[in-house]
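This document opens with one chain alone, in structure tokens, the form predicted on its own.
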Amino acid sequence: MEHGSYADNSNATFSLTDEDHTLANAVRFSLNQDPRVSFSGYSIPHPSDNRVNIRVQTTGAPAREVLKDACQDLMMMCQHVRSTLDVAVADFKLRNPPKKDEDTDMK
């Protein structure tokens, strides 16, 4: 983690290795939902470098804690989507059982 200022922990840039736009954009979205965040954004220094830099500026809260909370919120969103999908797939399979002809074709 690179701080913009060691005296002010409400501004920080976090460097994540082996990540790309997929995670960075989701984290940025989650950060922007937090009222403690005054600015968040990300950049990829170079296309061949598997690293993203996430910049967080808050209204006073520690940037590290705000990023941690945003990541936890993102995990909760993903868990909700996964459980909703699992329920929908199970419901679809109950309502649409495979026919005998389809059952043998799948083997």
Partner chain sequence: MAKKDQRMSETETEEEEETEAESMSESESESGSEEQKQESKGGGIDYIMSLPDVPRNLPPHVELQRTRVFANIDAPTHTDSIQYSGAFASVGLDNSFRLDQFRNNFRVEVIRFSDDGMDMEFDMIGIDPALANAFRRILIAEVPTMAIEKVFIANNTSLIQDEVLAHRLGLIPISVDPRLFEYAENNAPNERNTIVFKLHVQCAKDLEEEKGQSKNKKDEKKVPPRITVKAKDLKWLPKGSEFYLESEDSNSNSTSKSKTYTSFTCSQDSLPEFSNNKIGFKEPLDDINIARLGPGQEIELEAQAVKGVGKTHAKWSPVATAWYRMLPEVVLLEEIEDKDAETLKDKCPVGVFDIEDIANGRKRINVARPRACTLCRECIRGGDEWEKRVSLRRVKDHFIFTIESTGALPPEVLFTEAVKILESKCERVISELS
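A quick note: this is a predicted structure, and the numbers were derived from the prediction, not measured. Positions refer to the first chain, counted from 1.
One more form of this protein exists, namely the form predicted together with its partner chain; it is left out here, but the text below deals with it.
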| query | finding |
| --- | --- |
| Partner proximity in the predicted complex: Pro47 to its partner chain, non-hydrogen atom cutoff 4.5 Å | no |
| 4.5 Å heavy atom contact, Asn53 to its partner chain in the predicted complex | no |
| Residue contact check: Asn25 to its partner chain in the predicted complex, 4.5 Å heavy atom | yes |
| Close approach of Cys71 to its partner chain in the predicted complex, 4.5 Å, heavy atom | yes |
| Its partner chain in the predicted complex - contacting residues of 58-96, heavy atom within 4.5 Å | Arg64, Leu67, Lys68, Cys71, Gln72, Asp73, Leu74, Met75, Met76, Met77, Cys78, Gln79, His80, Val81, Arg82, Thr84, Leu85, Asp86, Ala88, Val89, Phe92, Lys93 |
